[in-house]
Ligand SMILES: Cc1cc2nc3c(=O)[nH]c(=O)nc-3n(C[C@H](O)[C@H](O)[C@H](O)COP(=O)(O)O)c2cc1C
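Take a look at this single chain, the form predicted alone, given in structure tokens.
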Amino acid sequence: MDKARARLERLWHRGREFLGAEYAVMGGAMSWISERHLVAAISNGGGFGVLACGSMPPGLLAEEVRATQAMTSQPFGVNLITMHPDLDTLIDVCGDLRVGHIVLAGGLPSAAAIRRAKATGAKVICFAPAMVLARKLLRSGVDALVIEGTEAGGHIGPVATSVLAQEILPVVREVPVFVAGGIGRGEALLSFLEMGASGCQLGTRFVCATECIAHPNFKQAFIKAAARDAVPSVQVDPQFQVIPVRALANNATRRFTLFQLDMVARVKAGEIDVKEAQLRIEHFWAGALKRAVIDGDVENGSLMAGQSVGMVTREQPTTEILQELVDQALAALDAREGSVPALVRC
């Protein structure tokens, strides 16, 4: 096992150094879920927690960052949505509170936003759903990339994680690259490290952490679900582009289709513009997600989940989840020496 541990240390050394964490495992930023308790638990457990700003106003974000800092002395990041109307102010809040890592998500950030975030002294991480966008982000000066496949929960792109990894990891070496989407076990984490990733990001796997504040009904929905239950939303009008959202199918996913049709009709009638319609769609998900996560309404709320949900089988402490991932990766490495079976069942 000592050889396996040394090999794993070499594989994710760059990611650990970049994050300042014991493990190069980022927590996915999930609105209403990735708040102070879970973020601090991930960072205290050796991973790298990421606070989800979502639609928070600047004052609330400042309060949440301070509260997280009071719960952990370890590094953590803040995820900001690029379409937020107060993005510049939110970046300044992160700077004022000395946040070490800023993640710009929810769309391609402008070069100006990246410069502003870097000017705070933070390391800037962005999502690259394709090689051409990865190159554009590199030219804009990002410090690291996350490539997230369509297996992920919440807002998703069209390409599978395995394909993105093959396309981008062998080519992009300038900055650390973290892989996300459908990752639930240490063997998968290891495989992407061996392909050239600096680490991985997991969201769905942490929803049933004991430190997560999600309602027991929400957690039970994850525990009962299979991979096939996490489905993407349907875009109803090709001229009205809406980023698909992957969630467990329920009444809310069906209502979202009707909501889109209403927004399309209002845009075509000249009642609202496309940007306003897209913001309302985002608000739909924010409200529906809160209804499920906080209130426990798992039929009418949004159950955003990645396809790795089938690997969520019970509620566990965050430290246990992280240790399982590491143990599974080490066991896979050690098995190559013929000393233990390749598969660790946890």
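In this text, residue numbers run from 1 along the sequence as written. It should be emphasised that the depicted structure is a prediction, and the values quoted were computed from it without experimental measurement.
Another form exists, predicted together with the ligand; not displayed. Remarks below refer to it.
Enquirer: Given that the partner is absent here, state which listed stretch (136 to 144, 67 to 75, 85 to 93, 195 to 203) has heavy atoms within 4.5 Å of the ligand in the predicted bound form.
Expert: Result for this chain: 195 to 203.
Enquirer: Which one, 109, 186, 176, 182, lies within 4.5 Å of the ligand in the predicted bound form by heavy atoms?
Expert: Residue within 4.5 Å of the partner: 182.
Enquirer: Could you tell me which one of 312, 29, 40, 292 places a heavy atom within 4.5 Å of the ligand in the predicted bound form?
Expert: So the residue touching the ligand in the predicted bound form, by this definition, is 29.
Enquirer: So in the predicted bound form, does residue 79 come within 4.5 Å of the ligand, heavy atom to heavy atom?
Expert: Residue 79 belongs to the contact set for the ligand.
Enquirer: At 4.5 Å between heavy atoms, is residue 308 in contact with the ligand in the predicted bound form?
Expert: Residue 308: contacts the ligand in the predicted bound form.
Enquirer: With the partner left out here, check for me: in the predicted bound form, does some heavy atom of residue 304 sit within 4.5 Å of the ligand?
Expert: Yes, residue 304 is a contact residue.
Enquirer: Find out whether any non-hydrogen atom of residue 211 is located within 4.5 angstroms of the ligand in the predicted bound form, and reply yes or no.
Expert: It does not: once the ligand is placed as it appears in the predicted bound form, residue 211 has no heavy atom within 4.5 Å of it.
Enquirer: Is the ligand in the predicted bound form close enough to 105, 148 and 152 that every residue in that trio has a heavy atom within 4.5 angstroms of it?
Expert: Checked in the predicted bound form: all three residues contact the ligand.
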